[in-house]
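Same chain, two versions here, written out as structure tokens and called structure 1 and structure 2.
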Structure 1
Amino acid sequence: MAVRSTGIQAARIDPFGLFKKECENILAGAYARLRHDKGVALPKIDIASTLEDPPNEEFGHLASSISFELARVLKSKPMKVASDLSDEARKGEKFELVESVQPAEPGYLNFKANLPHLARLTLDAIGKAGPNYGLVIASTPQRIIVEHTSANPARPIHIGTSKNSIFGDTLARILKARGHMVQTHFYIDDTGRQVAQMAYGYKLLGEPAPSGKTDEFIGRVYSVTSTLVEIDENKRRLALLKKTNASDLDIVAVTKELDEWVGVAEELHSKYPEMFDALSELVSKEEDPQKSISQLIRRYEKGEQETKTLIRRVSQMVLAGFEETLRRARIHFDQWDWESEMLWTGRVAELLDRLKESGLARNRSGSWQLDAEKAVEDFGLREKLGLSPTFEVAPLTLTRSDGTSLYPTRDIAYTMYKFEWAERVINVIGVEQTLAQLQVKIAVYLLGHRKEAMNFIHFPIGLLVLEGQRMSARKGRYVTFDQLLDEAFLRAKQEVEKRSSDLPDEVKDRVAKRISMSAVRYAMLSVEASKSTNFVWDRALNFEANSAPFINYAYTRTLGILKKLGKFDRPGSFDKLNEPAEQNLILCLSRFPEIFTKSADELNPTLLCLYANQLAQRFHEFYEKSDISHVADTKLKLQRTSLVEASRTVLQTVAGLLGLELAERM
């Protein structure tokens, strides 16, 4: 029990944070005395905000720019103020983690850390807390739902969506580690047109047993069907236009659209000739495919048994494929929510009633619209939501004129559903949905759920374009997540083969699997989520510096040394680790709690990713410069070994947070 409680306490220790706190106290004390001595009215200053990281270690480990601010009030030179403050500082509080305070041109106050002390604090904490080191628990844990991926179950998950999955999953891991209760949800958009088209095509084919991976098979059915339907529709429109003597402009536009789809059809035909010909034949015999599809949607919304069975069956097949793919990248969901349930349970209808009663919805020839702009003004949301005065919030159409609901409406109902359990809802969704997400937020607010609205967070994922071109699921132009993982695996396998040909093949496969999956995750996570990125194979599959293999390699090196040295007792002091590379590594380890906390609270997995890289880098430097197993000085050897073990522990923790799987051999 005692051991456990020290472990828990050690998990809370933030060594660099303590150093920072001490700098703050010293500075606060010095400033208070200076205020007293000068007898001038000196302003209150937020000391912590003046502390920053110096550009390099010759300036110490933290620096304050407070003197610049004070110099103005005192009508003195910043350098003079800095040296006065450092004199005062030396008169006051005892230094523990702080080694020295020095004024420096043009007026900084530089704090050096007492490295042996910081090292002991850090390495002891890591030793005691082990895998929990740095995972500082939030003071007020929350129930959080992270919704992510939520791809239409009409085609396989492509690399664009995978970015969404990887960020969502990592976010959930980080928040869980921070002590929150986290649930990941997948929202199945089964009431939309895409799914209906897919089901329609599948039914036409006579509901065959899928060959190969289910989501790929159904994805082909969807692409081919929707293309054929699109061509059919455009042909009808063109005929109508010609009959009614429409303007040339309209005719040209439709002709262009038609040509485009014919081009897509040719592509699909060459890829899947058999399925294409079969469906083409079947669709051409249909009286009005578009109408049949709309009918399917209406029947499904009503919950008609036969349609329900069909659509659920096809959707399930695709979802099974999703799960299989996602499992390869260590992504799983706690809950799968069907959009149709929002309709069948009456949630959408109830929501519509409430919105109509709000006085902010208006009826336009049967179709209901929400005046989001007015809602913003009525509730003073412009300021609360940080919207600029020029930002115009477009109205939101809630229903078609036949009364059926639209996607955003169902999403509002779904959001309310999530808040029945969650205190915070994070939606990991593309940036292009920014406006739609804002409208959901506004709707939640105007219904009186103000706290919920404020805890409704859109985590935007920047667009991923494929070697310069935008991907199109409808046109069947995309690279699937599976293909990416496959390719990564092949490349990793080659590398493993090169280096560890002695391993049995199944071990090589396992290693290559871990390395490739981690490389893919890392490549996505290392660039900030909201940035749009151009997907380039060679960059996504980089195995050198700034990559998961680079981190894995550091880990492998720690294992090599520790295995060679066997069991050892943790030393009581760390006074011999004086090499710059050793000190840099210690400092890096001491900062982990701070980085983790920031990354969790600011919802920024990239921060941790960059940290992982830096830690690996620091370790590689240390490894090259310091001998470990063959030093004669046993004390030094022990201290270095301890540093290796601490590095291994933290590398493992960070990798776990990022969802990387480290291979013990590479």
Structure 2
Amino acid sequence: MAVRSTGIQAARIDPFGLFKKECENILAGAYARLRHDKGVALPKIDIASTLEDPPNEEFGHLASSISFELARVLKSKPMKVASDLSDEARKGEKFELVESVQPAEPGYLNFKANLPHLARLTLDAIGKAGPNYGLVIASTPQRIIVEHTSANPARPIHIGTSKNSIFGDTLARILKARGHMVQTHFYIDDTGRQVAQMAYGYKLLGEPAPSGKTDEFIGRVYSVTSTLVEIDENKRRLALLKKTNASDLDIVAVTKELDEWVGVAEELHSKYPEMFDALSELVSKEEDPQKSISQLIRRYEKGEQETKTLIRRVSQMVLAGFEETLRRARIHFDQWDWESEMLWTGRVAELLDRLKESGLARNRSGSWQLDAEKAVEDFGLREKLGLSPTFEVAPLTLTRSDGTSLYPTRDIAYTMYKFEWAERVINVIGVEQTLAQLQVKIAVYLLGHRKEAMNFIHFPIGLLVLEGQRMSARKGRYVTFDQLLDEAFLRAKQEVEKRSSDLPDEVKDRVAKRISMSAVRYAMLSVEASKSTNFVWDRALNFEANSAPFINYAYTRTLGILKKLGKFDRPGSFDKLNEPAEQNLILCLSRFPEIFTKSADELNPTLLCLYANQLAQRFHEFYEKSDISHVADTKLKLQRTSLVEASRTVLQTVAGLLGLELAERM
């Protein structure tokens, strides 16, 4: 079991996994002997599934619940079965990583690890593999596309979308570390109404050179234009209703909506008076703004050159701002894909023809719809897709009555395009898109791409709000990702000032920059992606628990100790690390490969956040209780120093997977 190996071999070692495997083998042997001794037919049991973490490590490091299942068959008490299994376990081969197997009320079988042996296996592997420790390579690496962010190029990235960006980027980092070939893609939605409204307003203004950050300038154009167009449209609707003697209820509803948009207009006028006044005058002179915008959409879909030049130019301005913002958060993309290309290359037209030929598409007053529910029944997809017997999949509208395609149709074509390279496609998109993503999956399946459909994954992102604030990008009520990062930097710098006022200003800025960016990423990643997140500053920048600063503080403590002690020789054994704080830290380090593998295979970055927080917590406890500098026992000093070095290495690795940038001083 001793590991004196190359760095590559050491990187693949899963110390706690080896302990767990030995527990499985011991349990399997004990169970087989018990079956023989009892002389009765006992059921086959998945031994691994019975092993779990006990509520308290004083009971053991793994516990099995197998006795409860066997007790029903043997008509015996679980505690009696646990005792019998414990006796049988001692008759087997000599343990290596398992120190003891003990029954415990009301019927569990508790396994304790041989901690000196586990410590040597773990710390030797970390020493050999360095930053690659725990990054277990998948047995069958895949080509994977992670598509994320994909914000409309009509305004800056706001904090709601930033959660999508951070989870998508982190997924890509984890999957790459697992050995997969990963590409990150940004899908530019340049054919929708929002982009057309933006381009319409920009053209009315005479296509001016942006002042300030490009995406922020164009975002103002979009919000003001959208608001003015909505006011104009509601005024037209209200006039028509009054002219046709419509019901008071309809008139009241439109009046209420008009009043809401007038309120939005007042807000925007107070923020951007010059731009608002200019656009207000220009829009008022237009015969029918909505009609002009619809014409822009149709001309762009057809690839009309003047319109194409206008919309591409404005979109590129916004995308340049996106890239600038995303770089601040350590996010980049391998490829930017234009939605319009799906139209201009004929992919959407070809897709529509194939869907019409499938017999599952219907023409409804000129609009084509896909009968997704019938597709589910015809292809027997209900169980494969995990749909309940009562769930009915809504029809998917493929085209408008004027023949122009809709976003989901283009998304199907784009999905097929991505599978030309990838074996697995992961779409990191809002939870509200769950139905649309399901419909895309069904469409891909009925087109004959069954394997691809099953490897098409929607990774849902829940709502994010900043300390309870609701936002509306369309109405100009939003907090940008840049504003979030700016505020995080200011708050982090205040904390650095309080803790290290003697540092040079440039060092304070560098430290605050790293802490703030990492704090934002961690605060989002630490809550499961599909859940709603309320971003709270006091939690994000908490130096005491469950935050990036808390993890960073553990890292800087490791650096301080190692710098003070200087070079040291790695010990050959770790038999003196007997204090609870030391053993808890060793156990935590030993579990990193298992946690990393699970996080990658289950697409769950939050598991790594929980692990990073636990490792930091365990290290802080070790730091407070275990003296290193003044200990007289040289062997103990070396063993504790190795434990510090291993902690630093794993903290740095897990931080890198999460996209955190650790500061060396705080």
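What we label the rigid core is the largest C-alpha set whose atoms superpose within 1.5 Å from one form to the other. Everything quoted here is computed from the prediction, not taken from an experiment. The first residue in the sequence of structure 1 is number 1, and each one after it adds one.
One of the two isolated chains is the form predicted alone, namely structure 2. With the core held fixed between the two structures, Leu503 has its Cα displaced by at least 2 Å.
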